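First, one chain by itself in structure tokens, the form predicted on its own.
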């Protein structure tokens, strides 16, 4: 009986250790921070952040979770899977988002209008708008609650030609182009994320990629 109890305790301890190792690797593997590109001489014109949103990140950028939805950032001529960005303090930041994902819809229609952007607007496929025509058209959002930034990103229609299957996607694939700008304040570290429940197969759509840094949320470091 004593030997059996020892074996059971050892097995339980092993399972606990494996679970702890899994959680530790999940939490501590954080992608590097990407500096926004400076605009103008010495960065006098602010900064430029160029992003891409995709329905499936693909094995090239995520061997462990290739089917997860994700944001990508453009740096040094290529797309990288990172959601940690460094922005200059007290500066104008221009953001371009190329969205290749479909429509998911917002649960709160209030968030179909941009907030905290220059002029309270965003530019969708070349047209300046103060709100999406319908909250159902949203695919993702780019939101930094600590800075008062909330921008809805409309999705690609289901019948669009030449959709992108896995990232990184090209401009020849069906996509929506969204641009906006905002001003940073003083230095700080702020959480940002997507508020559209687009993680299929998880509880309420907010699990998996939605709660994992490097996919649909991350940090903005203002320096």
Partner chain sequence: MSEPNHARRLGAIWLVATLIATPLVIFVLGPVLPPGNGSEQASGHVTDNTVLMAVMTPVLLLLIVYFVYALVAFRQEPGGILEGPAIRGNARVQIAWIVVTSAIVLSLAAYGTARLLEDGAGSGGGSSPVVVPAGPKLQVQVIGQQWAFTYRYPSYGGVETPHLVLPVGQMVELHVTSLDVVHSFWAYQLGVKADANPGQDNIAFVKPTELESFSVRCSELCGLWHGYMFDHGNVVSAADFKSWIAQQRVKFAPSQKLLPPYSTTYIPEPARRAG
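Positions refer to the first chain, counted from 1. All values reported here derive from a predicted model rather than from experimental measurement.
The same protein also exists as the form predicted in complex with its partner chain; that form is not shown, yet it is the one meant from here on.
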Joint contact, 65, 79 and 160 to its partner chain in the predicted complex, by non-hydrogen atom at 4.5 Å:
no
TL;DR on 46-54, 191-199, 162-170, 31-39: the one with heavy atoms within 4.5 Å of its partner chain in the predicted complex is 191-199
- Message: So in the predicted complex, is its partner chain close enough to residue 115 to count as touching (4.5 Å, heavy atoms)?
- Response: yes
Given that the partner is absent here, does residue 135 sit within 4.5 Å of its partner chain in the predicted complex, heavy atoms only? yes
At 4.5 Å between heavy atoms, is residue 91 in contact with its partner chain in the predicted complex? no
With the partner left out here, check for me: in the predicted complex, does some heavy atom of residue 111 sit within 4.5 Å of its partner chain? yes
Contacts from 206-223 to its partner chain in the predicted complex (any heavy atom within 4.5 Å), listed N to C, are 206, 210, 211, 212, 213, 217, 218, 219
